[in-house]
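Let's start with one chain on its own, the form predicted alone, as structure tokens.
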């Protein structure tokens, strides 16, 4: 039996949704695999929506907005780009980045809409079903994706993503401007750190563990685990519950 992907589309009200409507009334043919949620602006699509859709076992997520320069809210699609780039960086950790896509469609581009949707659906068919489909989800991958969802919502990540243009395009009080390359390095480091910390927190929510046990489960160096444990202690998210045979045991606070 051939695989038919299940796709969720977030379409902006003013352009891409109107483009989809035009494709419909013009009877332009494209696969019926995508279910649509209309949003007022592509910039309003929270990354959490994308992560949650993937956790539900959907095979792909498509975000569509107005072309750059045509946003009814001036810079909404610029916000969408920032968020989407962050989503891609996170999903690359678990090799799911090719299951999401961002594109622009105007209200007059019914043909373009149908072509983009058809292409994406074919790409997902080539990739295959999501490993998180409900009939047999990959539990370890699900746990990683939940850690990603939590990490992406952290204050550190939201602050970095929200201020990207200000950081890279405007000078600070000392007349200095951060290059895009340096900003990307900062964001990549923050994404890696917050992902590891989220995984630690999820493990400690299940039961208290030692640094060695945590390191074995998430497969990183124990010294790195300890570094992140100390940061989480500073945030009052983790504390030491007891010492067993000189080994500290940590618990989620």
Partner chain sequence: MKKVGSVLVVGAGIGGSQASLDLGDAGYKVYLVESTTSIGGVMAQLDKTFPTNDCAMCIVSPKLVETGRHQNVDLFINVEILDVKGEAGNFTVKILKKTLHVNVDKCTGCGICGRECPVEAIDIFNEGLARHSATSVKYPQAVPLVYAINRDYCIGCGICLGVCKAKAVEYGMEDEIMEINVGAIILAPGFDEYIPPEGNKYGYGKFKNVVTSIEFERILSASGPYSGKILRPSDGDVPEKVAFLQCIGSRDYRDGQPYCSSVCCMYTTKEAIIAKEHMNLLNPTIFSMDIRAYGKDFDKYIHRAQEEYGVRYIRSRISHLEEDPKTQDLIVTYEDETGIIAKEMYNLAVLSVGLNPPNDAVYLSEKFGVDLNEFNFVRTDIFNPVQTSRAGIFACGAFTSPKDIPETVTQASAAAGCVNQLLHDQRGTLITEKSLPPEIFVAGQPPRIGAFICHCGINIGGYVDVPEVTRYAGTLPNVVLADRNLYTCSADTQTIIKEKIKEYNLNRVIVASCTPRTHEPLFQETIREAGLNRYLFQMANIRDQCSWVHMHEPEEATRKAKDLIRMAVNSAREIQPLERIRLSVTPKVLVIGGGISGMVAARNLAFQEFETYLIEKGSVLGGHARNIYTTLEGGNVQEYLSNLINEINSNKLIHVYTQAKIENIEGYIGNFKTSIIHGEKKEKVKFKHGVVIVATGADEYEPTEFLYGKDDRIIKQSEFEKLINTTDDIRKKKSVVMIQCVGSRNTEHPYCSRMCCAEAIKNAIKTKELNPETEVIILYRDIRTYGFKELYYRKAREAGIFFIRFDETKPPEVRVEKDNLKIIVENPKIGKISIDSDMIVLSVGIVANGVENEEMGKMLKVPLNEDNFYLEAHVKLRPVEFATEGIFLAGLSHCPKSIEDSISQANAAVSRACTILSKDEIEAEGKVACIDITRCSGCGMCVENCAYNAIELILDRRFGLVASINQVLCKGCGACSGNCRCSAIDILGFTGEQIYEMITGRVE
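Positions refer to the first chain, counted from 1. Predicted model, so just to flag it, every value in this text is computed and none were measured.
Missing here is the form predicted in complex with the partner chain; even so, the following discussion is about that form.
- Among residues of the shown chain, residue 160 is one whose heavy atoms approach the partner chain to within 4.5 Å in the predicted complex.
- Of the heavy atoms in residue 167, some are within 4.5 Å of the partner chain in the predicted complex.
- Using a 4.5 angstroms threshold between heavy atoms, residue 226 counts as touching the partner chain in the predicted complex.
- Put simply, residue 211 is close to the partner chain in the predicted complex: some heavy atom of it is within 4.5 Å.
- Taking 81, 142, 178, 93 one by one, only a single residue has any non-hydrogen atom within 4.5 Å of the partner chain in the predicted complex, and it is 178.
- In the predicted complex, 223, 226, 227, 228, 230, 231, 233, 235, 240, 243, 245, 246, 247, 248, 250 are the residues of 223 to 253 with at least one heavy atom within 4.5 Å of the partner chain, listed from first to last.
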